[in-house]
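A single chain comes next, written as structure tokens; it is the form predicted alone.
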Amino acid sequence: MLRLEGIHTFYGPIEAVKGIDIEVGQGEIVCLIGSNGAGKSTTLMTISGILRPRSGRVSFEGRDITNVSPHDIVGLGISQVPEGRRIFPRLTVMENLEMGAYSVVGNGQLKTRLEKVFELFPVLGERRKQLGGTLSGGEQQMLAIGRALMCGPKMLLLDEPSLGLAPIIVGKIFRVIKEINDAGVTVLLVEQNAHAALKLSRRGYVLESGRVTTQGTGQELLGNEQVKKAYLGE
């Protein structure tokens, strides 16, 4: 469904991603793990079109999207939940969700998607008139995911969804990610909680200094001695 081939992405003169090759099959949950600065978020932003690779190719469902604009990439079916949530704090919950649905045509479709989001996150339905900035961190993460779902994505890019959240909320977020995937949405997940991410994912890639150093199934990486020492605290 998604393929990155030989991607090199820079910030000015600094090369952040150094020739990576990644594939995500339809219906999979695939995770990227690695330390801070490994190039994980840069990879997601390259897929979304926010950053342009200096060389290499990004393809989605067989189409080259390397130089496609971010809003057109959303239209093709890729939606990203950014690190740090980045909701609109001065807009209400409902207004945030409506911003995610800017490409939706027709009130019927909008209503159906709202109902699905409120089914996943009932607290958002209860607080639909509340300003986004007054929600707790966990509720803001739910809102960020809900906003991304409002455009009806085929693939969801999640950047550190558990960052800064209490363990009980982290468990809720990971259960919802599984539900979203079970409903037919492919997921590419960047996550600091490597153990939880690998348990959830069918496959994973380890990034170090902008390069893929290890890849395999989630279970293979959970059992890999180097991964255990570096990322699983074992």
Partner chain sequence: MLFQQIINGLTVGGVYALIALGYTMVYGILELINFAHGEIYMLGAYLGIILFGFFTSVGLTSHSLALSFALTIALSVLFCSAYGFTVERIAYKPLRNAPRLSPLISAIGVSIFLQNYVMLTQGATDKVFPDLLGSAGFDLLGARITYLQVLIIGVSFLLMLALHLYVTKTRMGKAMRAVAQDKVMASLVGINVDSVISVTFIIGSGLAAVAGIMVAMYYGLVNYFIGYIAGIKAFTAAVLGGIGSIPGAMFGGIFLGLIESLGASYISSEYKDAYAFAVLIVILLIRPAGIFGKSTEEKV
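Positions refer to the first chain, counted from 1. As the structure is a prediction and not an experimental result, all values here were calculated from the model.
Here the subject shifts to the form predicted in complex with the partner chain, a form of this protein not shown in this document.
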item: Location of the partner chain contact in the model of the complex, chosen stretch of 187-195, 204-212, 45-53, 174-182 [non-hydrogen atom, 4.5 Å]; value: 45-53
item: Full three-residue contact with the partner chain in the model of the complex, heavy atom 4.5 Å, for 118, 139 and 158; value: no
item: Contact label in the model of the complex: residue 112 to the partner chain, heavy atom within 4.5 Å; value: no
item: The partner chain contact at residue 103 in the model of the complex, heavy atom, 4.5 Å; value: yes
item: Residue 74 within 4.5 Å of the partner chain in the model of the complex, heavy atoms; value: yes
item: Close approach of residue 89 to the partner chain in the model of the complex, 4.5 Å, heavy atom; value: yes
